[in-house]
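To begin, one chain is listed below as structure tokens, in the form predicted alone.
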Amino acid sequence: MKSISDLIKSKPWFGWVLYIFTIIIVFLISLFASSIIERRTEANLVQQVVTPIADMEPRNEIWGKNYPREFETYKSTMDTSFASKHGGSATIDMLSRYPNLVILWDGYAFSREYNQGRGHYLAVNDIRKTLRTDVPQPATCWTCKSTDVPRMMNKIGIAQFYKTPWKDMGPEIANPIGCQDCHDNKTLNLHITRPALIEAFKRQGKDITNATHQEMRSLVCAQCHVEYFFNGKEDKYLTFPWDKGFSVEDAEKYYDEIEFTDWVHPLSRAPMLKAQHPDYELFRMGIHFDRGVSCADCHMPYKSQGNVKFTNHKIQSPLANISGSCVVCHRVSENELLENVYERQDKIFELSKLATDGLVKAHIYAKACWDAGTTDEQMKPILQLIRHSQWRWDYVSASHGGSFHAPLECARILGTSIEKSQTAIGLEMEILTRLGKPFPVIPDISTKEKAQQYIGLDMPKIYDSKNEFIKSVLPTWDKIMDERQGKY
């Protein structure tokens, strides 16, 4: 058998092959070693705490001293420059864009103001200033807006926190959604700080502590991005209606059985349900959930800085960072992916427009029936149809990204919404025809202002009241919190 040296002498090309093969092996070993060093560096960054973090520390700046990369990207959620075709982080007056909503939410605070949700950093500021919180609200409304919430729940008790008036809790709530909401202060492990999620899983017979890390990368979001209601006239206990399942029909049946109503619509007198933002529920109905993708994979993709790989905490629409989010898995151009998303969203919004048009008509026709002297018994099935139709439309409309997360499910839900509102209108027309009454004329509600005037909202008075609150109360809240910094 020839030695390697003899083989090289007889076949010089073999030496080059051996040389190149050696280089490749050394390169691969170097990559492997670099990866090990990188992971060890990341582990050391977790362990090397610059500033000790207290239990339930609400101040994101304190966490930022130890984790500056994550904190800097988190702070960029105050950027409101991105606007996609149907959403984004930019400020959008949704009532101006869709005036029909004013009629659908007549009698409810959302008819006053409803804006596109902005970044997490702005959560406290936005809820303080919205016209909706000028209507008396429970402290439950603070639950998902601030890292101060777990601290106060621990201090006064969960039930007491919920039943406290929103304004009374205001001086205690200053720090926006942030680190403590999702991370353990000692290990940085993901954890759940909002009891409603834990309680909902427990009622289903599930132990949330058994969730995998990948599941937790969605469940920390599901603490807030879900459908919920305030249970109890006085208690206002935050509850997720998941006892029967996660579908829109499951929640609808749950609410019907306990005879829950958010408000009674002044025009139709229908006992209404207001969907919140069932993002997690609709996400579960989509292809990405089926494939094991988490919320963080798309909304908080990994980012590299030098030799450190970390999670980008600029929580935002993936459409603002297609190259960092979508292209990681989908090997097509960014333009093709964007067009693909918009194609699905456009179709859902087309169905949503049909649904709102039908619901406006159903509410106004119901008023005409009442004015004509129709009895409660005659109106009962109509009101149930209106309740269920608007609930289903709102379930899709209130979700953030539902038209992308689960477009087929959203289309199915909107289809049933349209069917129910049209059935209600048919019954209303039968009643009016039988009584010899003319069908009502739909008023001009082509703008937010005209729609609000139609339902009788005195917007100048509402604005004056809110401005007075902003000028007289908010400075006091801020002063109290400034004095308490470092004294938690």
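Note that the structure is a prediction, hence the values are computed from the model and not measured. Residue indices: 1-based, along the sequence shown.
If you look for the form predicted in complex with another copy of the chain, you will not find it shown, but the lines that follow are about it.
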Please determine, with the chain shown alone, which of 454-462, 418-426, 62-70, 440-448 has non-hydrogen atoms within 4.5 Å of another copy of the chain in the predicted complex. 418-426
Is the gap between E409 and another copy of the chain in the predicted complex 4.5 Å or less for some heavy atom pair? yes
Interface membership of N340, another copy of the chain in the predicted complex, 4.5 Å heavy atom rule: yes
Should C329 be classed as touching another copy of the chain in the predicted complex when contacts are defined as heavy atoms within 4.5 Å? no
Contact of L238 with another copy of the chain in the predicted complex (heavy atom, 4.5 Å): no
Which of these residues, K206, R344, K309, K253, gets a heavy atom within 4.5 Å of another copy of the chain in the predicted complex? R344
Which one of V220, L131, I348, C298 is close to another copy of the chain in the predicted complex, taking close to mean a heavy atom within 4.5 Å? I348
For the stretch 282-307, I need every residue with any heavy atom inside 4.5 Å of another copy of the chain in the predicted complex, listed N to C. M285, I287, D290, R291
